[in-house]
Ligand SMILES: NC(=O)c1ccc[n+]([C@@H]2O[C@H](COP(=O)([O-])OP(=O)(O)OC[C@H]3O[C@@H](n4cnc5c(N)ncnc54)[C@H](OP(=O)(O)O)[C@@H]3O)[C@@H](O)[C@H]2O)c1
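Only one chain is included here, represented as structure tokens and corresponding to the form predicted alone.
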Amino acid sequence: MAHTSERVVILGGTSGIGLATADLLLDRGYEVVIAGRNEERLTQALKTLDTRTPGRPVTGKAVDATDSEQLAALFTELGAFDHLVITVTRNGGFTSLADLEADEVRRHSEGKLLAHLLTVQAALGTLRGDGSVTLVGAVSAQLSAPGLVLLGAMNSAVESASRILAAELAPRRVNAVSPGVIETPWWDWIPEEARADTLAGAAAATAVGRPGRAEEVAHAIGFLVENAYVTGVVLPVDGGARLNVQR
């Protein structure tokens, strides 16, 4: 179904899950605005989207989602819109409590939880009164594996915030997706020669036995954007990682 009169703003839309979501929603007829911190990546993302299907209604803005003033300027410039999707995150973050450093906690708190909350706050003046907000957590919020103390805490906070905001911001709808091991640039902090083995190892414990794809998460986000009777939901897209399947 085409929604040519509806406009979606995607923070973190320049790569990975955000870019795949932009691609999917453009195919469904939405007008899409993607935003990210990196100008070069933004330019490349716009070229990628136009190359796939030339002439689609997509524009881009450079913005730091941890900066309240930049966010306020972004939404003032954009004006009225219908749906907000936030896929902003920081890569890395696997650590034991013994090795945890304060700077790393601050980096992930600012790059994940703060970015999500500040973006929603800044958007409220122009987001449609019965529009939607979709946040992105991660399956680490549901797991208890060693090394996930930081990632699990940050993603748990985002997913809890989505449920609280669904009540606070009603009748606007607020939901979240909770991806598992997804092949995206998030994993680029791992040396290239070890990345494939790391992904395969992480995905081995999933029920489906493979890493997910960004477009699979994008389909879940598309559902949450379009279904006007779903709110306060955290939708797992993790291949069954939370099931602790033993092979």
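Please read these numbers as outputs of a predicted model, since none were measured by experiment. The first residue of the shown sequence is 1; numbering continues from there.
Unshown form predicted in complex with the ligand; subsequent notes refer to it.
The partner is absent here, but in the predicted complex a heavy atom of 38, alone among 38, 68, 48, 198, sits within 4.5 Å of the ligand. Comparing 24 to 32, 49 to 57, 190 to 198, 175 to 183 against the ligand in the predicted complex, the single stretch with non-hydrogen atoms within 4.5 angstroms of it is 175 to 183. The ligand in the predicted complex is not approached by residue 85, whose heavy atoms all lie more than 4.5 angstroms from it.
Contact annotation for residue 231: none of its heavy atoms lies within 4.5 Å of the ligand in the predicted complex. Though the partner is left out of this view, residue 89 does reach within 4.5 Å of the ligand in the predicted complex, counting heavy atoms only. For the chain shown alone, residue 203 is not a contact residue for the ligand in the predicted complex, no non-hydrogen atom being within 4.5 angstroms. Applying a 4.5 Å heavy atom cutoff to the ligand in the predicted complex picks out 136, 137, 138 from 113 to 144, in order along the sequence.
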